[in-house]
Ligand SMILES: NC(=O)c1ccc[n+]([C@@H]2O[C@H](COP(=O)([O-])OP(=O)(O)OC[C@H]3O[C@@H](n4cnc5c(N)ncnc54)[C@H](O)[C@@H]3O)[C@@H](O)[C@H]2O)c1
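Shown below, as structure tokens, is a lone chain in the form predicted alone; questions about how it binds or moves come after it.
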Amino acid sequence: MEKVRVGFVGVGGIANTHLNNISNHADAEIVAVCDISEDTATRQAEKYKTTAYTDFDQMLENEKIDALFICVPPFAHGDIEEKAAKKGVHLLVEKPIELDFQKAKTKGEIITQSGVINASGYCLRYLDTVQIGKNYLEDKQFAMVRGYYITSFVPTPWYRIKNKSGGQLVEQSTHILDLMGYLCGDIQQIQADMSLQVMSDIEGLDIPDVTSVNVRFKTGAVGHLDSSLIQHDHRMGLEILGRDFRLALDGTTLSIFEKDKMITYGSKVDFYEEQDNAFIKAIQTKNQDLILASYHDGLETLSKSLAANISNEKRSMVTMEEFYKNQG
């Protein structure tokens, strides 16, 4: 079987992890990299012994690419997905997949029509401990969900600007919001409060430094997500509570508590590697079902985080029915 020929657009930040994984993959090869920074593109091309571009259209025209990792900032997607999908290029799009829901929806329709394998960067779904938790919950009724994503400020210039990053909930804490939907089902309404409290001395910052989100699931269960960028360390996790049981994901470690016992599972996988391996295998076998987080899944999570932003702006609860209706 021929190796999957992989291209990258956007090769800073998280792309480094994907580049490393693909360079070590027996069934894939990096054939081209693209970045608006010529220095970054050239450096990565030299490191991975491939061709550098600063023009995505030129790369797409010149190279035979089977699969594309799109690792650009949230505001910089343009029409990358549409152009690649129309040429039959399989796509892994890092989260968040867009900042504009309608644009993302249109992209999703084009991707679906093209028939390409598609994935979004919700890598935590690939944790072995998340899958253990998902299996455990299959026959359980849960009543409350408690999530948190508490970390430090990201100095990347665009991160601090809302119309470029979407804010912390859209850009980072989206991972936990995604797990809430993945493990617990449809979220039907959202109410969010956000505020810039203690980081206002950072030049150009216009995103909240603390966020509190309340949700109600289709099942009637209630949930809450705390998000903040004011700490010196990094913590993220999720608790799911039912009658006489509690499932707790602390980082990558899962603990299941019942009345008379507690079991803890430590993760044994690199979830980024699992994600990238699944993407390559899905392409080789033409099996979209191997993808745990599709572009459509990324669109669903994007809708929840954007609805939370709207709720904060309106100072009122937003139903997802209302959100979708207003998005056209």
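Just so we're clear, the structure is a prediction, and the values are computed from it rather than from any experiment. Numbering starts at 1 and runs along the sequence shown.
The following text describes the form predicted together with the named molecule, which does not appear among the structures shown.
Proximity to the named molecule in the predicted complex holds for none of 178, 278 and 300, with the criterion being a heavy atom within 4.5 Å. With a 4.5 Å cutoff on heavy atoms, residue 108 does not count as touching the named molecule in the predicted complex; it lies far away. By the criterion of a heavy atom within 4.5 Å, residue 96 is counted among the residues contacting the named molecule in the predicted complex.
With a 4.5 Å cutoff on heavy atoms, residue 265 does not count as touching the named molecule in the predicted complex; it lies far away. Residue contact check for residue 257: none of its heavy atoms lie within 4.5 Å of the named molecule in the predicted complex.
Only one listed stretch (215-223, 68-76, 109-117, 180-188) carries heavy atoms within 4.5 Å of the named molecule in the predicted complex, and that stretch is 68-76.
Contact with the named molecule in the predicted complex, judged by any heavy atom within 4.5 Å, is made by just one of 19, 318, 9, 306: 9. Note on contacts: among 249, 207, 91, 123, the single residue with a heavy atom within 4.5 Å of the named molecule in the predicted complex is 123.
Along 262-284, a non-hydrogen atom within 4.5 Å of the named molecule in the predicted complex is carried only by 272.
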